[in-house]
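Just one chain follows, in the form predicted alone, and it is written as structure tokens.
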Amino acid sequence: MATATASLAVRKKKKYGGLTPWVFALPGLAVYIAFLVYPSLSSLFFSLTDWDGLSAGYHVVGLENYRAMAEDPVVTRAALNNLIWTVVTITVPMVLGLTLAVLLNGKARGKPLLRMLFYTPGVLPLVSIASIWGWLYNPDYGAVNAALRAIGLDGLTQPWLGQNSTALAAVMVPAIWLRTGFPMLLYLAALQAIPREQYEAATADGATRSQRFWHITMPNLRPAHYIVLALSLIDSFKVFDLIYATTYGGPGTATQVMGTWMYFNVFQYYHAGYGTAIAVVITLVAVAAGIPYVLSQTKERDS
């Protein structure tokens, strides 16, 4: 019996590594707890209060802030804008990134230069991107309206960022522009890892270009799809700076999203408790969106 117990302990130690890994992980865990877990728990607590963000005192109001969110028309508008933003700024960059990757994976001239050009927007500061597109959209001397006038389409000139009907779509364009390079690089790396023998065998069997794409390329890109989709989804829920720098959530609430509405409540309206409740909801949604990706990666690593 004692021998079996000792053998079981040895097997567990071999499998899990004993205490040694925890000793090495301890500094990282301490930083993680101090700078992520503790602030998160503090935010969760303050979301249950009426704290204004400045005063020393506050009252615990329970779930009142969360109930107020359900009746806040700006939250409804912001959540809808977040949903539209998520669908558009994930779908379009993924399709464009995949298309560019397929084209650049062929025998195109100047591929390194083209890759750099397509990826460069992704490394620019968002404030710079907002300034660039703010100038392009300027109703009086911006390049977009100037181009429309130059080709005789004066009737289509718009104050793109200044009216409800076009503001959100206009802000999405730079978001798509800067987000296309990342999926392009991931898809390009995945395409180059596909064995050429699969294409050669399919070609020998008479498969068309379309059949090779749907039955060889797309199945081999499945891991890249997971990564691009999960990271883009999480990024979409955190959108804040591009909208803040271009439209400030306006005109009215036309481009308001959960991130900007949280910021305004915490830092401008001094409703820190309510703003923190919005932040908690954003965090929960982002975590829920990331769980399938983490589980898929864990399963793939263990298999």
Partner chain sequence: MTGTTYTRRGILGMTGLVLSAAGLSACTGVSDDDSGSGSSGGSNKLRVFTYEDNATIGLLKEQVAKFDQQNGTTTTVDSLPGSGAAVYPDKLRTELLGGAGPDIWRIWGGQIGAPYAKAKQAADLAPYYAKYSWDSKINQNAIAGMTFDGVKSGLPFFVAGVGVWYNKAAFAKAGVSVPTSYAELEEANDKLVAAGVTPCGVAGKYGWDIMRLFEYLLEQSAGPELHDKLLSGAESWDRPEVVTAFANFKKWQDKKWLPDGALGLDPADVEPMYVQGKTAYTITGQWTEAVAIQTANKPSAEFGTFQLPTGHTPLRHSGFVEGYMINAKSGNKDKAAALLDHLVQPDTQKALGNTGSTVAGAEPDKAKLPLSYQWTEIAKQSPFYTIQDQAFPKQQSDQYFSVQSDLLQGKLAPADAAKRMQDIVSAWAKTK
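Computed from a predicted model, the values in this text were never measured in an experiment. Residue numbers count along the first chain shown, from 1.
What follows is about the form predicted in complex with the partner chain, which we do not show.
> Any chance A70 has a heavy atom within 4.5 Å of the partner chain in the predicted complex?
Contact with the partner chain, no.
> Within a 4.5 Å heavy atom cut-off, is N65 in contact with the partner chain in the predicted complex?
Although the partner chain is absent here, N65 would stay clear of it in the predicted complex, with no heavy atoms inside 4.5 Å.
> At the 4.5 Å heavy atom threshold, is D205 in contact with the partner chain in the predicted complex?
Contact with the partner chain, no.
> Contact with the partner chain in the predicted complex for Q192, defined as at least one heavy atom pair within 4.5 Å: yes or no?
It does not: once the partner chain is placed as it appears in the predicted complex, Q192 has no heavy atom within 4.5 Å of it.
> Can you check 131 to 139, 194 to 202, 213 to 221, 83 to 91 and let me know which stretch has heavy atoms within 4.5 Å of the partner chain in the predicted complex?
In the other structure, the partner sits against 131 to 139.
> Does any residue in 74 to 103 get within 4.5 Å of the partner chain in the predicted complex, counting heavy atoms only, and if so which ones?
The stretch does not touch the partner at all.
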